[in-house]
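Coming up is one lone chain in structure tokens, specifically the form predicted alone.
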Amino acid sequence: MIQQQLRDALTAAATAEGLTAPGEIGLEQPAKRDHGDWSSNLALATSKQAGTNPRELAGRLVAQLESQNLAHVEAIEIAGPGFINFTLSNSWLFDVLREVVEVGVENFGASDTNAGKTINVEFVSANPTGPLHAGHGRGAVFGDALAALLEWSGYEVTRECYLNDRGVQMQTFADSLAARKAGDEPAEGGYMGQYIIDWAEEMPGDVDPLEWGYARALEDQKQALASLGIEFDVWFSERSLVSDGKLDASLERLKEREMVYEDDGATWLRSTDFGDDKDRVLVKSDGSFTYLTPDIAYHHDKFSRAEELVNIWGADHHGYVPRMKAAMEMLGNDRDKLDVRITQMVKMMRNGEEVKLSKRTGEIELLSDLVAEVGADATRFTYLLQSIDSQQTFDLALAVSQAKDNPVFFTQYAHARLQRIRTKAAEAGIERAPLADADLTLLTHPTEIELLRTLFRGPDVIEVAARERAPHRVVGWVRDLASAVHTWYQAPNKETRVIGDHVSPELAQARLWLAEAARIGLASTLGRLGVSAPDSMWSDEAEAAMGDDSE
């Protein structure tokens, strides 16, 4: 890659000047294109070592760099207090195209940065007392996309869902089912949803409402998640913490480490010693556990199975983070290896009106209803458009529209356009020749260069997104790539057409390979996000929206 070539050249220049270059030489792309393609702060970082001012040192380093006759480099200039700016010829972008084609859909953007590391991503983890609602969808999609992103960067990932299948809420759920089965209203504080009435009608009269209801809720949740292509490696039962003795073992370990104390007949966690705002009760005076105790045991168990943990929690769990980190530190785990991501609320809108979440009024309440209305692709892509730490508005009408301002339609249509180019070329008797025979130097149109530049940024964006655990960054890039594809495809006066009397066979080949490289970038990235890359999306409405005509 061009970055490594430039870093090697800068290191050699520094060595020639008797300097020791930093372990990681600063190299970035300037915000303004007229400042060059790449810029390095090497002179600023080593001027003290050289005993001279950065700009003077930059001049000496530039002289050393120019003597190396670097491939792809057209000019090297000094800017500001001593930045070294490189202006490159377009030839480096042709290497980008070749590299994209070489790695293909399966490996585009993949890296071994985190190879050999294990990570557990826990998400959804809703109580098995009813269906998943649309609000659960954001965390579900984020967790699944993040897991894929971490796999992309080399991690061995476990996708896990925690089942809160013991305690008061489960008994309340069972009692509510039994009441409806008997034709009665659930007791105050019981579950009142329409689904309780529906499920009670399904429930045989001779079964345990708790166990039947548990199985029914879990199956419903699994089906809703499957409709989004989400599957878990592990469904972890809270009950097992008790039956396997893991809950008692964690509590005993805390006692051995003198992290708990007794007061008023209850057992307290010394969480204030580790950053919490107050100590927390683990065992009540009546001998029952608080909700925190099994959670501590569960996270300690996860640390025995993975080096790093990621939790995707709802907005109401924000205050829960410091006490869980404190508990993990008390048990001897690295609190910094527990990464908790908090999802913010989603407002459902249709045609400018907020959708009230009531299934019986025909509006969306359930996640399965949402997927049925807008489709899995639109559901996933829309949820991933923004960082989960910001509130989101989900426009249902927009999500199903065939319009330029519908992000998923706009992005998928770019892939379909690229496939159509290949199909139309084949119909005209033009097949792609081997890439090695293609004259990529013929790709000179500004839209072609911009498309290649966008492709180049993809792997770096993916790496940053994995490090920051921010799938929305990848979504932003894939939308940029789709935009670059559309701009290239619709260049004025058909200047970038693949087929036509004005297009030489050599230029047609170069453009076919450009289209294939862009298609690889789109297909790979959409696939990792769990969104399909359709080969065809043609309809009168779609073509009118995108201003299409035949190739």
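Definition used throughout: the rigid core is the maximal C-alpha set that superposes within 1.5 Å between two forms. Numbers follow the displayed sequence, beginning with 1. In this text the structure is predicted, and so the values were computed from the model without any measurement.
A second form of this protein, the form predicted in complex with the RNA, is not displayed here; the remarks below concern that form.
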- prompt: Which single stretch, out of 204-212, 338-346, 241-249, 96-104, brings residue heavy atoms within 4.5 Å of the RNA in the predicted complex?
  reply: 338-346
- prompt: Might residue 236 be said to contact the RNA in the predicted complex, defining contact as any heavy atom within 4.5 Å?
  reply: no
query: Heavy atoms within 4.5 Å of the RNA in the predicted complex: does residue 506 have any?
result: no
- prompt: Is there a heavy atom of residue 28 lying 4.5 Å or less from a heavy atom of the RNA in the predicted complex?
  reply: yes
- prompt: Should residue 70 be counted as a contact of the RNA in the predicted complex, where contact means heavy atoms within 4.5 Å?
  reply: no
message: I have 2, 158 and 350 flagged as a candidate spot, so tell me whether each of them has a non-hydrogen atom within 4.5 Å of the RNA in the predicted complex.
response: no
- request: Select from the listed residues 316, 258, 354, 439 the one whose heavy atoms reach within 4.5 Å of the RNA in the predicted complex.
  value: 316
- prompt: 199, 383, 173, 413: which sits within 4.5 Å of the RNA in the predicted complex by any heavy atom?
  reply: 413
message: Within 4.5 Å of the RNA in the predicted complex, counting any non-hydrogen atom, which residues from 463-486 show up?
response: 464, 467, 468, 472, 473, 486
query: After fitting the rigid core, is the C-alpha of residue 53 off by 2 Å or more between this form and the one not shown?
result: yes
field: Threshold 2 Å Cα movement between this form and the one not shown for residue 41, core superposed
entry: yes
message: How about residue 533 - superposed on the rigid core, does its CA move between this form and the one not shown by 2 Å or more?
response: no
